[in-house]
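So this first bit is one chain, no partners, the form predicted alone, shown in structure tokens.
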């Protein structure tokens, strides 16, 4: 299933996880990494596992700590018995990290869950996105993060005064998008950090949609409705897609015409992708 909105929730707060379960998020990310202090991580693992044992209307993923911290194995061991729907891997430097996490998940014999790597948080990861094939059977998508990359680069900011990403971060985003599509999985856009600015969120989400992203990370429950609306195909776009499919089928493949415009196989592929996203293929 393709998830449009992915909501981060601190894994050490049962109250916040319960509140998030009432949100419009397609998927929750129970965070054991950045939002949890070092001394609180054991308690966060227990709280996340307990929350996973309760029913919720959406998918629930767990963001483990980065592999190089030595904490990921304990994270997985603590929550895997509760069977999360998947895992989010931060600081992912390459496809070999995806395989390492997959093996940790499977070690208990009840694994198989998908993985969403956050794959631009270091310069090495950005290099790998441009040079490596990220295809892996456990990928549910690829995402990216600008905050950690800014710290790694020594950047003072990742956006300019108008809220546009600086060029190194555009490069990282584009590389992740290309790697995701080459691997045949959805590309998930990074968070919009000002949760009090719904207009800015809407503009950034629409810009991501226009270049091929399929969803967006969120840091506040109020952001999920906007994200879902943006990444749900409109009735006009679905009508166009159905008309394209019909015209191409009537033409027997090759090329066709619709409203005075030439159609060919790329248009058919785009139309079918829209219908598939809406569950109407």
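Positions refer to the first chain, counted from 1. All of these numbers come straight from a predicted model, not from anything done at the bench.
Omitted from view is the form predicted together with a small molecule, to which the following refers.
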Which of these residues, 56, 219, 243, 251, gets a heavy atom within 4.5 Å of the small molecule in the predicted bound form? 219
Can you tell me whether residue 45 touches the small molecule? I mean in the predicted bound form, with a 4.5 angstroms heavy atom cut-off. no
Closest heavy atom of residue 196 to the small molecule in the predicted bound form, within 4.5 Å or not? yes
Partner proximity in the predicted bound form: residue 3 to the small molecule, non-hydrogen atom cutoff 4.5 Å: no
Within 4.5 Å, heavy atoms only: does residue 19 come near the small molecule in the predicted bound form? yes
In the predicted bound form, do 62, 81 and 83 all put a heavy atom within 4.5 Å of the small molecule? no
